[in-house]
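Take a look at this single chain, the form predicted alone, given in C-alpha cells.
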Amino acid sequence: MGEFKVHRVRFFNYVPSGIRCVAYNNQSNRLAVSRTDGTVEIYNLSANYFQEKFFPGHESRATEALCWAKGQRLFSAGLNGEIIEYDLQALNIKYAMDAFGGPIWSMAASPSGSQLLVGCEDGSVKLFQITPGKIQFERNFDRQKSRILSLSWRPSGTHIAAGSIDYISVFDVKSGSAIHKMLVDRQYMGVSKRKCIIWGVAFLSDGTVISVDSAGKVQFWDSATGTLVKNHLIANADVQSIAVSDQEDSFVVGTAEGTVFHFQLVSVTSNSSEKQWVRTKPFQHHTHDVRAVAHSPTALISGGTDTHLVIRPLMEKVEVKNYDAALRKITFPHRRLISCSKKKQLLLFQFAHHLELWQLGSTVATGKFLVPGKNGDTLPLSKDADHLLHLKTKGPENIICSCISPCGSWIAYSTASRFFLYRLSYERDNISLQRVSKMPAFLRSALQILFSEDSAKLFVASNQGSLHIIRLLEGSFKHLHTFQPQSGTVESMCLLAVSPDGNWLAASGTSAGVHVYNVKNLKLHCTVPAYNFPVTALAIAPSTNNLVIAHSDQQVFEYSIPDKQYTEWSRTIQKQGFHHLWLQRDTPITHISFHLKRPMHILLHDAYMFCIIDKSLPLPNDKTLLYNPLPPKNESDVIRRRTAHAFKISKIYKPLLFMDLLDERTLVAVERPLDDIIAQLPPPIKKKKFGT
C-alpha cells in the first residue's frame, strides 16, 4: 500500500440538521427527506440508498410537511405559510404559493394524487387541485377551533381525518363538513395533562382511524360512530409520527424517547379469520426524538433530531438474505463539503451559512523520528493548524457548493440566487480578501464548482444543465464558453472532473450519464456508455487521461478518453466481478484521486474505508481475504505473495468525509466522529434506568 504521513483532521465542526419529515414514493422507490434548515434530499432506494438529489435550505423555510403527488411531483409546506413544488429536473423550486391560512402544519395528497390538502394554524383545512403546471385552490373545509397538526385521507378518497389539540375531526370530502369530532383523553400516566396534541393520524380502508399523541398513546377509532375502539399506552413521552404500509397489515410509530414501534395485524388464533393489531417489535436506533417515519414494502424508515436516517429492512419481506437485509444508518450527505489546496496545504470547509479556511499543521521529524518509526506513530507538531478565514454568507439561503483553487488564491461558492468569487492574498501572517464584482447571473444556482489544475480556469455546472468556462485574471474574469445541455434536456450536472493538463472536462448528471468535453476545441468529445446506477464520484488520471467512474452499486469503471472506450483493466474487472465484500459496502465512494509517481494506483474512499487499487496486481476473488491481507516479508515469501491482490484497504479513519494526497508521501484525512455530533445536539429525554 505504501507509507504515508497522514494529517488526521478532526476540527471540521460539521453537524447535520435534524430530520423533520420523510415521504416515500412507492412508484419510483424514492424517499424524500426534509431537514430542520429547509434542505430537502431525494434518496434512490433502488440505487443502494444513494442521495441522488438535494435542494438547499433557506432560513425562512421551516418545513413541517412533505408529500408526493401524481406524476412524481414533490410538495412541501411549512411555518411560512407557503406550499412549495420542487423541480426534480432542474433541482430548484418551481414555485411557492401562499395558502392564506397562516403557518402550515400538515399536508396530504389524495389517493388519486390529483388533490392536495393542507392543515393551517387558523384551524382551516384547505383543498387544492393539482393541475399540470401548478396547484389551484378549490375550497375550504369547516374551520376548527385550533391548528390542524395532522391529516390523512381515507384510501377511497371520500373522507379525511384531521388531528388537532384534544380532538380528531372526520370530514366528508364532498360536502367539506365535519361529521364527527372525537375527543382524546388527556390522561397521561394517570395524571391529567392540560392539552393532548394529536401528532399523527392514519385513515384505513375499513374506516378505522389510528392516532398518536403527546400522552404516549396509540389509539384506534371507529370513524363511522366516532368512538374509541382500542388504546395502547406505549411511551412515557410523545408519540410523534405514524406511517402505514400500503397493504394496511402493519404500521410504524416513532416516539420522543428515540424508540420506533412496529405494529402488525395478526390472527387471534391460528385457525381464526379474526385479526387484531399487536405491537410486535420495538427498535432503539435513535438517541433523540423520532420526528418522522415511513413504511416501504420491505423496510421501516425513521429520522429525527439525532440527524440519522435509519432504514431497517423487514426480514420477513426481504426475499434474498444478502446485504439488502442489513440495517442502514445514513448520517452524512453523499456529496463533498471539503475542498483542498495542495500547494498551500489549505482546507476549505463548507457549512450551511459560512465557509472556513484552515492551514494544516506541520511537523519536524526530530530525535527518534529521524529513523523510520512504526506504523501508527504520532509525530509531534511544530506548528498547529491555523484557522485563517471565516467567510459568512449574506442572506437567508444555504450554500449549495464551494471550492478553493489548487494555488489557494481563489475561493468560489454559490447559493440559489447568487454566485461569489473571491481573490485571496497572503502577506506573511495576514490574509486579505477581495470580492470579484459583477458576476454574471447565469452562474447562480451552481451545483458544482471546479478549478483547473493551474488555477487559470473555473468550471461551473448550472442547474439548467449547462457548463460554463471562466478564465480567471488578476482580480477579474472572462467568460470563455458555455456547453449547452444535450438534445434539449434540462438535466442538472452534479459532478465535474478536469484533467490535470486542462484539456478534458467530464460532467455527470442525475441520470447516470457522463459527458466528456474537449476544453481546447470547446466541443463534446464523447459520452460514456449509459449505466443503470448514478455516478457518485469521478476523476481523470494525470498521464493516461483515463476517466475513473464510481457508481452507487459500488462498481468502478475506467474509461479511456482518447480511445473512447473502456480500458483493458476495466473490462477484466467487469468480466471477473468485484469481491462480494466490496459490493456489500453501504456508503458510496465520494472521492477519487491519483498518485503522480505511481500511474497504476487509484486512490478512493467512502465514509468508512480508504482504498488504493494497484492495477498491476491480480484482482481478488471471493475466496480471497479482501481486507488487510498480510504483505510478503521477502521475495521468498510465496504464500503471502499468492494472496496479495490489487485492493489495499484501510479502515483506520472513520467516519471519513474527505481524503486526498497532498504530495507523494503525504495524505490528509478529515474525520467527523459521531460522538462529537451527538455531544452538540440538545439533550435527549431522560429515561429512568433499572436499579436507579
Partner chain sequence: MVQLRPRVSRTPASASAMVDEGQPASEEEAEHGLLLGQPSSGAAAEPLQDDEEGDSEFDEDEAPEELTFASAQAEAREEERRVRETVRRDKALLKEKRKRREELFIEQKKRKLLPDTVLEKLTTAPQTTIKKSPGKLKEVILQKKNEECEKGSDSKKTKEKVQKVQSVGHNKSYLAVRLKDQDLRDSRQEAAKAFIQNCLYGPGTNRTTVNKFLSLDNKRLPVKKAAAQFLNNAWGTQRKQNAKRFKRRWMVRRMKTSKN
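Positions refer to the first chain, counted from 1. Note that this is a predicted model, so its numbers are computed, not measured.
This next part talks about the form predicted in complex with the partner chain, which is not shown.
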*Could you tell me if Pro155 has a non-hydrogen atom within 4.5 Å of the partner chain in the predicted complex?*
no
*asked:* Please tell me whether any heavy atom belonging to Ser28 falls inside 4.5 Å of a heavy atom of the partner chain, as the geometry stands in the predicted complex.
replied: no
*Can any non-hydrogen atom of Ile685 be found within 4.5 angstroms of the partner chain in the predicted complex?*
yes
*Contact label in the predicted complex: Pro620 to the partner chain, heavy atom within 4.5 Å*: no
*asked:* Considering non-hydrogen atoms and a 4.5 Å limit, which listed residue (His334, Lys126, His159, His591) is close to the partner chain in the predicted complex?
replied: Lys126
*Of Arg73, Arg312, Lys457, Lys94, which one comes within 4.5 Å of the partner chain in the predicted complex, counting heavy atoms only?*
Lys94
_For the interface check, one of 515 to 523, 575 to 583, 114 to 122, 339 to 347 should have non-hydrogen atoms within 4.5 Å of the partner chain in the predicted complex; which one?_
114 to 122
*From first to last in sequence, which residues of 73 to 89 have any non-hydrogen atom within 4.5 angstroms of the partner chain in the predicted complex?*
Leu79, Asn80, Glu82
